[in-house]
Every structure is written in C-alpha cells, then in structure tokens.
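Quick setup: one chain, the form predicted alone, written in structure tokens, and binding and motion questions come after.
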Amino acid sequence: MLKTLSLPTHQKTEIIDITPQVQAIVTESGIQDGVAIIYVPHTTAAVLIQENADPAVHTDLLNTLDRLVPQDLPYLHQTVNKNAPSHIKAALIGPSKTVFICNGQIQLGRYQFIYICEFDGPRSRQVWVRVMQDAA
C-alpha cells in the first residue's frame, strides 16, 4: 500500500513531525506486522528519525548543517534561488527511512519521531509512505 502525504512547509529550513500521519497510514492499512518506508521525492528535503523531547536538538542539527554546508561557498550549481546547500544537506540526511511495524504500531525508540526536513522552503512537499506486510 502506497499513500501520499501532502504538506506545506513555512520556512527556508525546518523540521516537521510527521509521526502521527505515518501511524495513521499504518493503522488504515490494517497491517499488523511489517515495515513502513517513508520517502520524500524531492532533492532539497529529507526524512529524519530523531528526538522530540528537547526542541534544542532540532535547532542544533539545523545550525550544525549550516556550519557544515555554508550558503556562501562558490557552488557550481547556482540556480535562481542558489539552493546548492539545500541539495547537499538533503543528501547528507537522506530521502528515506524504514521503520518496523509490530501489532499495528510503528516501532520507534522512546524519544524517536519521524520528521521531514525542509532545506529549501517554503514549498509544498510530498511524503510517500509504503506499508508492507511481513511474508508469512
């Protein structure tokens, strides 16, 4: 089963919790045991599994990516919006994550949540969620 989440982003860079939407798709699927693959079909966005207990973690992550991939380097990819750093940040984090499903629930660690990372917003983004049952 493949479902598409459509969501707007509101800032140049931000981290948005999509855990409830992913769980809703898993619940709707009726699959009790399997996996969910969460994927963004964009080259300037990414999927992240990270802590949700302290919002400073997200700020630290975005600030560190800004230091690792500064905006003002002489990148060869110089489109109208000069988004080469956005492509590099998305490549570092990655376009997908896989989570286990057990008893109809996504399996995450105590502090883990699923996020989309926006690196070139604001934009309208899609997240594709593929839910698959374990082979019996």
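Just so it is clear, the model here is predicted, and its values are computed rather than measured. A residue's number is simply how far along the shown sequence it sits, counting from 1.
There is another form of the same protein, the form predicted together with a further copy of the same chain; it is not shown, and what comes next is about it.
Trainee: Answer with yes or no whether I101 is in contact with a further copy of the same chain in the predicted complex, where contact means some heavy atom within 4.5 Å.
Mentor: I101 belongs to the contact set for a further copy of the same chain.
Trainee: Is Q112 close to a further copy of the same chain in the predicted complex, meaning a heavy atom pair under 4.5 Å apart or at it?
Mentor: Yes, Q112 is a contact residue.
Trainee: Can any non-hydrogen atom of M1 be found within 4.5 angstroms of a further copy of the same chain in the predicted complex?
Mentor: Output for M1 is yes: heavy atoms within 4.5 Å of a further copy of the same chain.
Trainee: Is there any non-hydrogen atom of M132 lying within 4.5 Å of a further copy of the same chain in the predicted complex?
Mentor: Yes.
Trainee: Who in 89 to 108 is close to a further copy of the same chain in the predicted complex, meaning a heavy atom within 4.5 Å?
Mentor: Going through 89 to 108 in order - heavy atoms within 4.5 Å of a further copy of the same chain in the predicted complex - the hits are A90, A91, L92, I93, P95, S96, K97, T98, V99, F100, I101, C102, Q107, L108.
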